[in-house]
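Quick setup: one chain, the form predicted on its own, written in structure tokens, and binding and motion questions come after.
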């Protein structure tokens, strides 16, 4: 089997400061292939909005038969200029079929990236979003590993938001809890643009979500949100760098998660404010609930500020389920397991409520509750 990635680079990554808490050295011992098929019924299962554009990739290969392209969607557009070279990401960049999205999209564009095979597969996924002046684009990506092998998926999404444009993007990592997911998001914003992103992690054994954002125009608004619910032997590393390069811009980073058994989360958020980027308003928040004594959450907020007229804050909280709230719900006739799940759902639902695509939100809520004891009781109340 021929590998498409030099996996020796993973052996010592955890010795670098930015990867200190995320050891992926096991990848260096795996012989990867790039081939693998998927049953069409699997694709149908994840085709949740049949009236929306759909773009399907299996192991980085575009599947025309199962896709529905609309105006502004193109495969392997040679004219898209990459912006990822502005970052210091250590995640390998490789070839795959790529999707480019331009023009105002009336409906949310759904992208399905499937990783599958009867042996460990390594593959890339490349999505390019460019909103020109006054355009609006909404995108929902599903990254799902189907089979329980040490698959390695390395998706890269690039967003360019021109003057007064609006981009909303949600990326959901689902499926197998044995796969590795090393993904990056690169964002460049111009004057008066608005970008809202949500990264939701439910699957994967080792997940690294990188965000590199460059606010290159005045009056930009940037919201980078994340939500995760992890269990046995799972780890998520959310690593962000937001650069305020012009005055009068607002950015928010809001990540929250629930960790059970020996699950681990890492949040590293750096806000960089350039010398002349006055009137910057930037905030970081990371909140975690631990359901087990073995679970662990690490928060590393970082501020690098060279302007003097700014409002930059950060905060992190880690706690447990509120026993008084749990008792209160039980006294109102809600079974113990369902009461616990209801409190978890209430905590996480704040992130899900922000999703622009209602159909996508409903699917994620369904999966969230299906993985929690007493979830069926909550579904009967809310779904």
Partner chain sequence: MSTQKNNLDVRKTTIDDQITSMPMPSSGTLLSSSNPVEEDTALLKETFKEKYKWGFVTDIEADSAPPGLDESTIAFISAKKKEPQWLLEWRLKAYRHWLTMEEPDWAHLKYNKPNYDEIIFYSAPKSLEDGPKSLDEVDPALLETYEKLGIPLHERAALAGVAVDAVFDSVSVGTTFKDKLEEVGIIFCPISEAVHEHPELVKKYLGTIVPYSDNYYATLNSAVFTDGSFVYIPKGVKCPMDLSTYFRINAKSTGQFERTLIIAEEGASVSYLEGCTAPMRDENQLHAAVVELIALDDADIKYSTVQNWYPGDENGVGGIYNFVTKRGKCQGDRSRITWTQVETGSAVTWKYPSCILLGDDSVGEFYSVALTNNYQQADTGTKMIHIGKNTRSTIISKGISAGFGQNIYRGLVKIMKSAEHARNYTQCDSMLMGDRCGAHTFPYIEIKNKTAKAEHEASTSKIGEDQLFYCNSRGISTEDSINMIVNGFCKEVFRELPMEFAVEARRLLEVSLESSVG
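Bear in mind that the values here come from a model prediction, so they are computed numbers and not experimental data. Numbering follows the first chain given and starts at 1. Rigid core: the largest C-alpha set superposing within 1.5 Å between the two forms.
A second form of this protein, the form predicted in complex with the partner chain, is not displayed here; the remarks below concern that form.
**Q** So in the predicted bound form, are 145, 174 and 197 all sitting within 4.5 Å of the partner chain, heavy atoms only?
**A** Not a single listed residue reaches the partner chain in the predicted bound form, so no.
**Q** Which pick from 247, 301, 203, 125 sits with a heavy atom within 4.5 Å of the partner chain in the predicted bound form?
**A** Exactly one listed residue reaches within 4.5 Å, namely 301.
**Q** In the predicted bound form, which of the listed residues (118, 71, 88, 309) lies with a heavy atom within 4.5 Å of the partner chain?
**A** So the residue touching the partner chain in the predicted bound form, by this definition, is 309.
**Q** Would you check, heavy atoms only and a 4.5 Å threshold, whether residue 252 touches the partner chain in the predicted bound form?
**A** No - in the predicted bound form, heavy atoms of residue 252 and the partner chain never come within 4.5 Å of each other.
**Q** Going by a heavy atom distance of 4.5 Å, is residue 40 a contact of the partner chain in the predicted bound form?
**A** It does not: once the partner chain is placed as it appears in the predicted bound form, residue 40 has no heavy atom within 4.5 Å of it.
**Q** Is there a non-hydrogen atom of residue 77 within 4.5 angstroms of a non-hydrogen atom of the partner chain in the predicted bound form?
**A** No, no contact at 4.5 Å.
**Q** Please determine whether residue 320 contacts the partner chain in the predicted bound form, using a 4.5 Å cut-off between heavy atoms.
**A** The answer is yes: residue 320 has a heavy atom within 4.5 Å of the partner chain.
**Q** Tell me which stretch of 268-276, 180-188, 220-228, 104-112 has a heavy atom within 4.5 angstroms of the partner chain in the predicted bound form.
**A** It is 268-276 that comes within 4.5 Å of the partner.
**Q** Once the core is aligned, please say if the CA of residue 322 is shifted by at least 2 angstroms between this form and the one not shown.
**A** Result for residue 322: yes, a 2 Å-plus shift.
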